[in-house]
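Here we start with a single chain on its own, the form predicted on its own, put down as structure tokens.
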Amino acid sequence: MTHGIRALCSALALVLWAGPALAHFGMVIPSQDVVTDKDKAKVGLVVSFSHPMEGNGMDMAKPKEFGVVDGGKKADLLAALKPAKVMDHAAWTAEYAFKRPGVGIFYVVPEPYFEPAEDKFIEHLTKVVVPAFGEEEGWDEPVGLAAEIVPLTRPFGNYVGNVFTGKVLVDGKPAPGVTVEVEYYNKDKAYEAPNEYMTTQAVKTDANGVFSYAVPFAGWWGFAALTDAPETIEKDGAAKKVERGAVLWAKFLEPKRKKK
């Protein structure tokens, strides 16, 4: 290769390189992270698909499944979903009223989303856990999704700086060596990453499928364990891979200071 051709190739590589790809996250964000007031027992839920730190959304088709496990009983909430807009893209909302003390594990199984930039489908199986009226049994129970994060740290009532630990299960078995992407829901765009590598944090699961992450500031944080589904989906006559993500959202809070 001549010096001129080598220089041309280097320049072309720089033009084509666009930095780290933006991480996709399925999202289920409740209006309350905990329910303590009987007069405010109804929780609003916003279901979407986005790049949460960057504040960019993608259209989300109506999910295949949306439900809650409350007190060990699974309830189908799909009919409760209503069309909405999140980050100027199609999303969904629903409401759920707690009628007794319990822990609600809300989950969504979306229609696979085709991402042209990665030439594959993305399917994020997403959960969020909301406790009500002082109950906290059951937050560490799996829902039974094809891939899911089972929290080993209670996924509510956490301070900023706590270390969050979870176990990634694929088909009910621990998944070692899986990358878990972590992102902050930058709803009000109050933060800006110092560089593109800091938009999405990344950790990996150990031999038992366990990962940990210390949360640096307050708000909703998403953990997305990325695996490849065994099946493919045909598009334009070609079999496309499916990224099957297991996503869990949890809120971390600053302590309140007493007024003097």
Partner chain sequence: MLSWRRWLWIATAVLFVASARDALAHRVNVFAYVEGDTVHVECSYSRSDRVRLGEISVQNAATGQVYLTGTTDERGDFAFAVPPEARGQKADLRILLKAGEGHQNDWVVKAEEYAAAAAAPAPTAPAGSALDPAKGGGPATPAAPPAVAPAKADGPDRACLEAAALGPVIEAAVEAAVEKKIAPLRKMLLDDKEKGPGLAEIFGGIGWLVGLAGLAAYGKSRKAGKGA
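Numbering follows the first chain given and starts at 1. None of these values were measured; they are calculated from a predicted model.
From this point on, the text means the form predicted together with the partner chain, which you will not see here.
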- Establish, in the predicted bound form, whether 38, 70 and 100 all lie within 4.5 Å of the partner chain, using non-hydrogen atoms for the distance. yes
- Message: Counting any heavy atom within 4.5 Å as contact, can you tell me which stretch out of 128 to 136, 168 to 176, 106 to 114, 145 to 153 lines the partner chain in the predicted bound form?
- Response: 128 to 136
- Message: When the contact criterion is heavy atoms within 4.5 Å, does residue 96 count as touching the partner chain in the predicted bound form?
- Response: yes
